[in-house]
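As a starting point, one isolated chain is supplied in structure tokens, in the form predicted on its own.
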């Protein structure tokens, strides 16, 4: 292959990627450079059989030859490879225009793929003559992901307030990260769901509901796709509140009938907003629309059809986080009491099977519960023991004399040698000025 042909291929690929930012799919300005690149590639592959495009230490190598000034000449191509953490792309003889167009779609998608997910995406698109090698996405700590999730919700709601259609890519990416972390350590992530913010309630609440929904979906042994759409719908379930004035949302007293009618519009508004976001599934929009419809079909908005079964998971997670949060109209309930309230409302407000699964997942003493032991020590539950629900793992914060420990320590009450200790009751963190969210932030950090 001559130098000119190599440059033409790279220039055509770069032009096609650049045009995809400016024009809709199928536009001639996108299709023409992609078609040209495919023709040139096909001619070369007839002689060579295979050609590689590599990103090596931020330098581009094409057909085994380093490319000079690649970042300046082919900025869109190098930027997309870096963003997707792609190390190499290999083209084999017989590559088609459809396969090359599929590759360009993958490179310009908002979401980032893990290596195994890239293979699945290529198979799904029936791309067999192009292979991609990527680096694993670097895992971040839980608190970083939690804070980024709050930022994503802020960005989505700010876009809506500014009249823009929010991007779906950062939503799906952060849900994927939260899902990975929930699978890695469910207890620690549920602990982070104890983070509450009086001033930014809407953002933290959205993230907490997403974490709890993902965790419950996993506990119920749902499929990966179902867990993903639960996480996305939960993260966006209150986006419609951008259409309700802040004065109403934060009003300390009771709402007038007119104000209440405006609040009741937020599921409808939210589903309409999300429906306009690129690539959002209909089930996500439906779950947002229905998240205040109760199991007995009371609530709002009124619907005649059956309720989406996954939506019932969001309803339970939404209620639990709201019950355990300080609001203008309520003091926070202890996690233990919040679960009792959910159980009392099962069969009317909530699906009894979902509440039962939530109770079993969250445990007799949920993560974030402050408890008192028979030794008079006081601590916080940091891990649920499903085999012995009354013997969780506890972080001891106060000794038997009521003194705060300089170095708190963890105790597994179910472990041999520790069964002499037992929980005698629940303590109120407010009486000790205990910020449970700050505690779990420190644990995660």
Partner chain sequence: MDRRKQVLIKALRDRDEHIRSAAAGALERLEIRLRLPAFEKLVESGDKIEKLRAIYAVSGLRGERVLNLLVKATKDPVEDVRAAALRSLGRIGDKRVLPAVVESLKDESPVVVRVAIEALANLWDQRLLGPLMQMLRSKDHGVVERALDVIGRSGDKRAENAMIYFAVKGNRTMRMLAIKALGVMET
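This one's a predicted model, so the numbers in the text were calculated from it and none came from an experiment. Residue numbers count along the first chain shown, from 1.
The same protein has a further form, the form predicted in complex with its partner chain, not shown here; the description that follows concerns it.
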| query | Among the candidate residues 90, 262, 251, 154, which is the single one with a non-hydrogen atom no more than 4.5 Å from its partner chain in the model of the complex? | reply | 251
| Contact residue in the model of the complex, chosen from 43, 29, 376, 59 - any heavy atom within 4.5 Å of its partner chain | 376
| Want to guess which of 368-376, 310-318, 182-190, 206-214 is within 4.5 Å of its partner chain in the model of the complex, heavy atoms only? | 368-376
| message | Can you tell me if residue 69 lies within 4.5 angstroms of its partner chain in the model of the complex, counting non-hydrogen atoms only? | response | no
| Does its partner chain come within 4.5 Å of any heavy atom of residue 22 in the model of the complex? | no
| Would residue 306 sit within 4.5 Å of its partner chain in the model of the complex, counting heavy atoms only? | no
| in the model of the complex, does residue 296 have a heavy atom within 4.5 Å of its partner chain? | no
| message | Just to make sure I understand: among 376-409, which residues lie within 4.5 Å of its partner chain in the model of the complex, judging by heavy atoms? | response | 376, 398, 400, 401, 402
